[in-house]
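The form predicted on its own is given below as one chain in structure tokens.
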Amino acid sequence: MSNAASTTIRNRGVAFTAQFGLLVVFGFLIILFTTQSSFFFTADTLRTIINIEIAPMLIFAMGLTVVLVMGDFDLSFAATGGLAAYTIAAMVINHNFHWAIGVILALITGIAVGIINGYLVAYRNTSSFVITLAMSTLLFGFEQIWSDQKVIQGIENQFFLNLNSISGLWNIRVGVFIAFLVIVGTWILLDKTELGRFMYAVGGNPEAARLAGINVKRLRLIGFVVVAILSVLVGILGVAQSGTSIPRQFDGLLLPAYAAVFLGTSVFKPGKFNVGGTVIGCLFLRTIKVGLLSWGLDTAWINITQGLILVLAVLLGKLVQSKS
């Protein structure tokens, strides 16, 4: 075989691995879990993968995709969602307001958080990592003061509760369909609009985007507001599902949401954050968790496995980029 032919084959192999490698691994894991557990590949298990935690994880991850596309980080989304959930529960239970008042107040608070984050990062040229980490700490502190670390439960407005708990098509929760709408909206924003193209341009080279006439600062601020609004939506769905607000209830989704988005960079658009890849990343992590639980593994080992998979995915992505 000539050098040119072998180079072509190698390049095609690298391109295939970059675009579809995670999907191949995903398929292999499904086969593995199915052969090792007779009840894994069943309708009930598939519904568990889709219904439990996937909606908030997907919505959080969509918001993160928007800011990461522009090269920014947001570590305050879990705290924003938790504060939103507590705000709604407190307004309904502690202060006897209609749930809509709580939702509006939570939304106003979330938008304010997004504007503050975006202004400090984009207009004051500060680190998004540091600012949003500080904002997360502040929001957790406010929640602690307000909640006194107490659980609020007992919301009885059935219309509000049914927003996320009633069964829809194939007994899938309404919250999953809402997450699907968020996915479609995010995909349209990033892939089908001029605004989305500008966001990718900002992430690729902010200075070149600025010289091309793009309002880089405003776009970055918009990104943080989008994350905050979607975080409030997660808070709304969280209260709607259980009628309960637990202090720091979304802490456990902080790292998985980031992991899903970064895993998504190894699917469809190698090295780039993209909506389709993020969705695959979320489903991939949920499938692993449910599959390992079906083996009876302890949660600690599940976390270790997910962490190792993320590290390997990042290393694979770097390897693919270096050879492409």
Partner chain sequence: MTASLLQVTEITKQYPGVLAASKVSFRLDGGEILGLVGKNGAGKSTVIKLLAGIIRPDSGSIAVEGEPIVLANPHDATVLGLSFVHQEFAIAPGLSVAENILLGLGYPKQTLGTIDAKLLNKTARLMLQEIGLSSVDPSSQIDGLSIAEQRMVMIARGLAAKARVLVLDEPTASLTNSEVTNLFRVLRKLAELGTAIIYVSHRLDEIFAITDRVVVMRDGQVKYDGETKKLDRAKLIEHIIGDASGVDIEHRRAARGITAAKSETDVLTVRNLQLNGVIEDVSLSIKHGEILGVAGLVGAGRTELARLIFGADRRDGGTILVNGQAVTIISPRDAMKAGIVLLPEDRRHQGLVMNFDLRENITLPSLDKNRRIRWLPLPNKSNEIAATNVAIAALSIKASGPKHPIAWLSGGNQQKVVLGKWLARAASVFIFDEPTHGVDVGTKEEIYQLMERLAQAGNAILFISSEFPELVGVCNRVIVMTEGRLVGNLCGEDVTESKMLDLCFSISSVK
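Just so it is clear, the model here is predicted, and its values are computed rather than measured. Numbering follows the first chain given and starts at 1.
Only in words, not in the display: the form predicted together with the partner chain, which the text now covers.
Contact with the partner chain in the predicted bound form, defined as any heavy atom within 4.5 Å, is confined among 213-221, 124-132, 247-255, 77-85 to 213-221. The candidate spot formed by R197, Y200 and G204 lies fully in contact with the partner chain in the predicted bound form, as each residue has a heavy atom within 4.5 Å of it. Mapping the unseen interface onto this chain, T193 counts among the residues with a heavy atom inside 4.5 Å of the partner chain in the predicted bound form.
R47 falls outside the set of residues with a heavy atom inside 4.5 Å of the partner chain in the predicted bound form.
The closest non-hydrogen atom of I108 lies beyond 4.5 Å of the partner chain in the predicted bound form.
Residue contact with the partner chain in the predicted bound form: I145 places no heavy atom within 4.5 Å of it.
In the predicted bound form, the partner chain lies within 4.5 angstroms of a heavy atom of only one residue of 261-298, namely K272.
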